[in-house]
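The chain that follows stands alone, in the form predicted on its own, written as structure tokens.
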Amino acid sequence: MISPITKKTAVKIKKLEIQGARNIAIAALRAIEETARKSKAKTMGAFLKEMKQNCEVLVKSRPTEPAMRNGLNYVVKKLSNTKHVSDAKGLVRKGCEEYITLMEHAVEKIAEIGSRRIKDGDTIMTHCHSSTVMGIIKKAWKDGKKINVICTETRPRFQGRITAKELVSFGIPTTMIVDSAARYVMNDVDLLIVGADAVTADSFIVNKIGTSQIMLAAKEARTMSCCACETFKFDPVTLSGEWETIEERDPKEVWENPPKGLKIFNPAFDFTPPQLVNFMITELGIITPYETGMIILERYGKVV
């Protein structure tokens, strides 16, 4: 049985009413927590089936979100040796709280580490909206570093406007550009910081569409670039050869009433190869992109 809160949350995620990998993961965990609390299942078999069905609906709402998928798996695995439904409900609640706390601590740690890489007077560029990246920039500003930020508008859903509003409200000098102006201003940028929705075992960064070309522009301009990302976004399914799914969104996001016969391709994410990324900022510290496979293997073990 799919619960009303699962259906509602899945729709919000699909419609981008909930954005950001961490926010999506938290919303999904809260949905599964409420589903467990209101479950009428009498046996553990029925309860586990219900949990897995609801998790599947949430995962399908945004396939390129390993932080959500890893979180739901984290919770479900806690139920493996449980015999009573009442105990299982408590474990679901505990598992959700644990995972959310781990994510929050990771973001705080990344902000501390990342802010040390920003110098007084630096101009920072970012693309789309990442709460992890925002944490780094805000921490640097709180530390007294007089920085400037350039953010892209991030078509077609303009998530860059969320970034711009948040930065301006924090008092940080901010300039917004159209996505295609990234190379034009890149020589004025000291550090490009992007987030990630997923990281593969072969070290590719999966982030908002346009990330790879902006990172390529930084490489050509010899501008330092990095990815700020919690290791919870590292995707274990890619260890077994699976390729990260790239969500294709409604063409109406690009053009609501296009000419008849026109085809519109609207991928939500793209792949940035590791050679375009100077370093990654994680809660474990500064790493190279080439270390992601080893970290996934250590955390999740071999996937067959």
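Everything quoted here is computed from the prediction, not taken from an experiment. For every residue, the number given is its place in the sequence shown, counted from 1.
One more form of this protein should be noted, the form predicted together with a small molecule, which is absent from this view; the next part is about it.
130 is the sole member of 200, 152, 130, 225 with a non-hydrogen atom within 4.5 Å of the small molecule in the predicted complex. Scanning 10, 281, 296, 24 against the small molecule in the predicted complex with a 4.5 Å heavy atom cut-off leaves one residue, 24. Contact with the small molecule, judged by heavy atoms within 4.5 Å in the predicted complex, is confined among 83-91, 178-186, 121-129, 137-145 to 121-129. Heavy atoms of residue 159 reach within 4.5 Å of the small molecule in the predicted complex, making it an interface residue.
In the predicted complex, at least one heavy atom of residue 269 sits within 4.5 Å of the small molecule. Shown alone here, residue 95 lies farther than 4.5 Å from the small molecule in the predicted complex, counting heavy atoms only. Proximity of residue 196 to the small molecule in the predicted complex falls within the 4.5 Å heavy atom cutoff.
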